[in-house]
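Starting off, we have a lone chain in the form predicted on its own, written out as structure tokens.
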């Protein structure tokens, strides 16, 4: 049992993986113009935070289920956000014919509000 590779993975490794996932998501949100790609990049960011919650909860000396509970709630909320975002993307595509965020913003920015 002592020769298992998973004993070599430390909290630092999980933090580095989480930081890499977070910055991949952040770059995807800031550089992408497609609404679906932006939503997927937001999922990367949320999953990076979830990975940190799980890693801190599993490396704690006394058993605490707060990290696992937070991951369950954030996973449910992010699934809801993704479903609503995909539905809005479908409605926008149905109305305008594209889901390019810049084009849609430029198309509707001159509309006066009541």
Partner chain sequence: MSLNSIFFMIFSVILIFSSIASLMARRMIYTLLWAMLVFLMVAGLFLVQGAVYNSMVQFLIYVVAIPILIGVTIMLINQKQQNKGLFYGRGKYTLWILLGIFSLIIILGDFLSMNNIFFEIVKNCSVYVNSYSDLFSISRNLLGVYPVLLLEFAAGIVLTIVGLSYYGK
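Numbering follows the first chain given and starts at 1. Remember, it's a predicted structure, so these values are computed and weren't measured experimentally.
Heads up, the form predicted together with its partner chain isn't pictured, but that's what we're talking about next.
For the chain shown alone, residue 104 is not a contact residue for its partner chain in the predicted complex, no non-hydrogen atom being within 4.5 angstroms.
Although the partner is absent here, residue 32 lies within 4.5 Å of its partner chain in the predicted complex, judged by heavy atoms. By the criterion of a heavy atom within 4.5 Å, residue 64 is excluded from the residues contacting its partner chain in the predicted complex. Residues 30, 31, 32, 33, 34, 36, 37, 40, 41, 43, 44, 46, 47, 50, 51, 54, 55 of 30-55 are found to place at least one heavy atom within 4.5 Å of its partner chain in the predicted complex.
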